[in-house]
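Presented below, as structure tokens, is a lone chain in the form predicted alone.
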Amino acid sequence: MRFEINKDKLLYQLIVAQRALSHKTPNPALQGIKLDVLESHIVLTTSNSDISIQIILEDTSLSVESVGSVLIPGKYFIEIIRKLDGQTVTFSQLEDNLLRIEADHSDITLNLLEFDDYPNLVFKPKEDFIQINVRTLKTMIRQTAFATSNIENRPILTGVNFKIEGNQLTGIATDSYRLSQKTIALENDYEAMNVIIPGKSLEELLKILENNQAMVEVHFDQSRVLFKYNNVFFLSRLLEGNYPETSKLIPKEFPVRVKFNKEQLLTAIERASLLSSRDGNNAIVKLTMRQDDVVEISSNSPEIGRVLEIVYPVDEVVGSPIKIAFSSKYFIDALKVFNSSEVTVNFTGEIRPFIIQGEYDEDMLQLILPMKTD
């Protein structure tokens, strides 16, 4: 095997591929990057068991003298390429299981991993698949995946529930204390589908997708989902089990509705959380709507002090005064995914779930359960 290629073109693809590179695994082969050199292109493959990435690299700078396949230690390979001088890099496989890397004044040999130990990964697209605009998919992931659970005792809640009905794709995520739901319209009608994609897989996919007008192909299988984006194939396992029926959790009627400037509400909650009686993710903040329709955001810590923020609604308040306590982290997380400059908070009662919606975030809602205070 021997070929040469532009260093920067290769490095860009390696940075994408390393998203699926395993660092701690009982199988040392998964710490490697599988490199297949063909006559017209090269193929890079990485996997950490949960996700796998395959990249087809075709470039005018690629010149293949002889084909072959090797398994390269991923961590060292990427760092070597990153620090090389010169624009062109030449790779050749030596007889004693070594990879020779030549660039400018550098001549490096790297021990290869055992190629036969690498798992047989299949990135075969299906004939039936759905297409989603890349920006739309990025928005759906950004507005849902953050609400998945980090606790492994209920694995099903660590994923995002993707449901297809006709030309509607709905993503739902919950950790039992909050819920995020987003629905998007697809360009065509598709067969009904109900799967659960790990939230961590979607967060890695989000880092790969760019802001352009490209389309992403989504190929569902019984146990896997394959995303095809340009020259990248992103494969993830699916979670097994039945996702909770969350539609029953969403209130239908809202006696109290308050519209806020999103940034004003966000900064008020952030400041109030600084002096909460509970630290970190458990910080509790209280929202009180007074008789004069002015809203107070407050927190109190006997050991530290007290915060009182005044926030003025941007529209006429619907309903009577209310007082409710909530996790500041959950509220802040929810507000940050809205694109709207104004959000409406819909209350059903002081101990009932409340919903946040934005005028320009169509078909998206954030639900938060209030917290009891002493």
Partner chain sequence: MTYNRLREAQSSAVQIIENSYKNQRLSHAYIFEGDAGTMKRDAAIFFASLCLCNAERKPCGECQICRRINHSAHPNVYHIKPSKKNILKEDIRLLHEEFSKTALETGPKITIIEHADRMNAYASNALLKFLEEPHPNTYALLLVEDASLLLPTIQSRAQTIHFHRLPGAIIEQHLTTTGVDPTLAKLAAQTTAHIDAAENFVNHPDLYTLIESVNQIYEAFLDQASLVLLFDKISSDLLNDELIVELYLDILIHYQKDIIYGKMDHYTKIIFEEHQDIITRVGAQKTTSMLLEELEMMMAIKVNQKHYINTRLAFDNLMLALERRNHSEE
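Since this is a predicted model, take the numbers as computed values, not measurements. Each form is matched to the other, and the largest set of C-alpha atoms that superpose within 1.5 Å is called the rigid core. Residue numbers count along the first chain shown, from 1.
The same protein also exists as the form predicted in complex with its partner chain; that form is not shown, yet it is the one meant from here on.
Of the candidate stretches 98-106, 74-82, 126-134, 217-225, only 217-225 contains residues with a heavy atom within 4.5 Å of its partner chain in the model of the complex. For the marked spot (Leu121, Glu152 and Pro155), a heavy atom within 4.5 Å of its partner chain in the model of the complex is present in each of the three residues. Proximity of Ile284 to its partner chain in the model of the complex: non-hydrogen atoms within 4.5 Å are absent; the residue sits far from the partner. A residue is said to contact a partner when one of its heavy atoms sits within 4.5 Å of a partner heavy atom; Asp116 meets this definition for its partner chain in the model of the complex. Under a 4.5 angstroms non-hydrogen atom cutoff, its partner chain in the model of the complex lacks Thr45 among its neighbouring residues.
Contact check for Ser328: no non-hydrogen atom falls within 4.5 Å of its partner chain in the model of the complex. The contact with its partner chain in the model of the complex, taken as any heavy atom within 4.5 Å, belongs to Leu239 out of Leu169, Ile208, Met289, Leu239. Shown without its partner, this chain lists Ser340, Ser66, Asn27, Ser69 as candidates; in the model of the complex, only Asn27 has a non-hydrogen atom within 4.5 angstroms of its partner chain. Along 54-80, not one residue places a heavy atom within 4.5 Å of its partner chain in the model of the complex. Relative to the superposed rigid core, Tyr177 undergoes a CA displacement smaller than 2 Å between this form and the one not shown. Here Leu287 does not count as shifted, since its C-alpha moves by less than 2 Å between this form and the one not shown after the core is aligned.
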